[in-house]
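Taking the form predicted on its own, here's one chain by itself in structure tokens.
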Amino acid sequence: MDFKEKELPTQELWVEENFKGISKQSYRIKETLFSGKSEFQTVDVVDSIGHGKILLNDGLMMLSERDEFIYHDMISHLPLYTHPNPKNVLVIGGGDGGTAREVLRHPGVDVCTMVEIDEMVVEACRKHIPQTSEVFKHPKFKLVIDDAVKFVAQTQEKFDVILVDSTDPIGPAQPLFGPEFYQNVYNCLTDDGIVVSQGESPFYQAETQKSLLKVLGQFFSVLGLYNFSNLTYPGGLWSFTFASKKYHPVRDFQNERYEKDSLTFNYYNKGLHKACFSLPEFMNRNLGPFFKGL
């Protein structure tokens, strides 16, 4: 008697992000490209169906190739087209390289220093996500593997723009949301310096946003918050904080340099530069009292 082997359906593989035990997002994947555990966190890179390669730290979405341009456009170009002459830029965190990549598209920037605490993130992205990590070969790029809290406390350099490209305030990123850190950030900015920081979700982390604005308000005379929408962060709507010693993000927009550079963007543009500070009313009510100079 002949027996025919039964065909089994192809198993579907999914990676799931559980956000604070209140929501979950799943992504169908083809394979795991990297999985490791550093002294700071677990680091995974997976190749997905529909979102390209995905970086996760401690199981939390850091980027997908499909929508990473949104975050990286908005953290970098807005402050760089507010400051009239950004030459020396510091990126704190950002180990995937996407923020530094966008910074170094600006021809006037002389050097972009990236201080990342976890070398495993850098190496995993260098090997598996060249879309963002290509910048590591740029002649104006400087990589420092170090604790950014210690770096800003000890450096003698002055930076025109500082971009705090951090994860959520847990684990190694927790000190990046405190007053001691931002006192040191203020000290290592130039007299007209700007700092933009990853500002969390207005739906899920409004209290963290409020706390961060309170901290920044101790040091900066111009302070606000702006939004961006994306595919892969919980809730879809996320924010950056904008803090400056001098410049207003809308009134001081550098239109002449924007036109001269003729850069091509996938998300950012000069209209959005201004519009992203027009916040939903629930955010104005909750956070507006903490804004300064806007």
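Small disclaimer: the values here were computed from a predicted structure and weren't measured. Residue indices: 1-based, along the sequence shown.
Same protein, other form: the form predicted together with a further copy of the same chain, not shown, and the subject of what follows.
This chain is displayed alone, yet in the model of the complex one of 219, 141, 177, 204 has a heavy atom within 4.5 Å of a further copy of the same chain; that residue is 204. For the three residues 88, 183 and 289, a heavy atom within 4.5 Å of a further copy of the same chain turns up in the model of the complex in no case. From the list 129-137, 115-123, 69-77, 97-105, the contact stretch for a further copy of the same chain in the model of the complex under a 4.5 Å heavy atom rule is 69-77. Put simply, residue 264 is close to a further copy of the same chain in the model of the complex: some heavy atom of it is within 4.5 Å. a further copy of the same chain in the model of the complex comes within 4.5 Å of a heavy atom belonging to residue 29. When a further copy of the same chain is considered in the model of the complex, residue 237 lines it closely, a heavy atom lying within 4.5 Å. a further copy of the same chain is not shown here, and in the model of the complex it never comes within 4.5 Å of any heavy atom of residue 245.
In sequence order, 264, 265, 266, 267, 268, 269, 271, 272, 275, 278, 279 are the residues of 249-279 having a heavy atom within 4.5 Å of a further copy of the same chain in the model of the complex; the partner itself is omitted from this view.
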